[in-house]
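Only one chain is included here, represented as structure tokens and corresponding to the form predicted alone.
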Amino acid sequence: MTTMVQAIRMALHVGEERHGVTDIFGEDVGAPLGGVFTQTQGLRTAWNSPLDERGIVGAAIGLALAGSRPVAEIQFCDYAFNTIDLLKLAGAMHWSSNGDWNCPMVVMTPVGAGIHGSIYHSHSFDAQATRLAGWKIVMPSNPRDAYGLLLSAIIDPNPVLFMAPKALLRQKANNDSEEVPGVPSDERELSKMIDAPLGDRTKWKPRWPDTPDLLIPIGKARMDRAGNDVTVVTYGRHVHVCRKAAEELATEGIDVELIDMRSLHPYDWDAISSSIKKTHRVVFVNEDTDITNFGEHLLRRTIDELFYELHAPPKVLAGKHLPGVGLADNLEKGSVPQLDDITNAIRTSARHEP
């Protein structure tokens, strides 16, 4: 089974060979490392930038306006906060020029906790990203979605932010529905084809599998699990945690419907609202800090538009409002929603008497 980082690498290869990607760059993105998570190994157009996030975003804007199609990486989203003004400029380009100028650029960045990255490598960027008008924003939860969403981002004529959950980058597809089409059935064979060997890589070249132009539409959610009692809306790595919670609660007779948003903007309100109208209960889950959280926007819209459909108070379950995520295991687990937190929140919603 393919890992998410392999799916990202294959999508970037397809992008540079078939869809006009001219530059893939960022800190340690080029040879020999090929990205801190190895997501850019063996790519023809990958090159190393200086250690300067503002320079990376600024260069991407310039390349895009000059007719190129760049994919820039911020090595960890923790270091994207000092680029906000430039990200705002990129998002405003098409609008402020009355449609005369496009800015076809992708910014990739790993996000979230789950790898014991401590205070400098565990931040989330969800809420900040959704405040950047003019950007499309995606976050996959499995290899197939990572591949298809990244290809859709690459061909989009305007800026797309591709946020990859760090804790999922090494996770394999769980089943065929999460697999990238066209890869060898033997995962060891795929690794031999596209994973660079340890040691000297000067003569190594990847052998890319013939993967298709799978384009997953930006703005379309995915039904991860159908159910009738409570709607759970999430994205990224918490799709997997919420799925475990749903499986546990099924033994108690609580039938959870799980929606993987995949796109934070534009987002699939039709899918969310249809599910809430069916279950009449909803829990929004993510790991960004809970004050001015993106889930709060979804909750507000739920109350505005679906108040009389609700049989229980809607709930946002999010990370603690802390400056960072601690290194120690108990500090990290205490900072962002865990399985027990999610299970209890869903159970409370399901058992609330209307």
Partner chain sequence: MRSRYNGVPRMTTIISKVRNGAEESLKPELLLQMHDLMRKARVLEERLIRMQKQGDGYFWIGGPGEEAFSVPLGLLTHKGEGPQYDYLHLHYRASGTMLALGADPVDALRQMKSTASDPYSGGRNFASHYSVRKWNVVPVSSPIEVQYAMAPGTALAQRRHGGTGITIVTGGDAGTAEGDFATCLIWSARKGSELPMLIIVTNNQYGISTPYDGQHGEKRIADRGAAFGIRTLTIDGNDPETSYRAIKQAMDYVRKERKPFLLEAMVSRLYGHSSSSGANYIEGEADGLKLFEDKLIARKLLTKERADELNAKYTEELLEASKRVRDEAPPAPEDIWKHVFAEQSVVGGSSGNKGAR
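Residue numbers count along the first chain shown, from 1. Small disclaimer: the values here were computed from a predicted structure and weren't measured.
Another form, the form predicted in complex with its partner chain, is not on view; read the next lines as being about it.
Listed stretches are 328 to 336, 5 to 13, 342 to 350, 18 to 26; the contact stretch with its partner chain in the predicted complex is 18 to 26, by a heavy atom cutoff of 4.5 Å. Interface residue remark: L214 is not counted as part of the site for its partner chain in the predicted complex, having no heavy atom within 4.5 Å.
Contact check for P104: a non-hydrogen atom falls within 4.5 Å of its partner chain in the predicted complex. Shown alone here, R54 lies within 4.5 Å of its partner chain in the predicted complex, counting heavy atoms only. Proximity of R69 to its partner chain in the predicted complex: non-hydrogen atoms within 4.5 Å are present. Taking H94, R131, R243, H280 one by one, only a single residue has any non-hydrogen atom within 4.5 Å of its partner chain in the predicted complex, and it is H94. A heavy atom within 4.5 Å of its partner chain in the predicted complex is found for one listed residue only; from D100, D210, D270, E189, this is D100. Counting a residue when any of its non-hydrogen atoms is within 4.5 Å of its partner chain in the predicted complex, the hits in 55 to 72 run G55, I56, G58, A59, I61, G62, L63, A64, L65, A66, G67, S68, R69.
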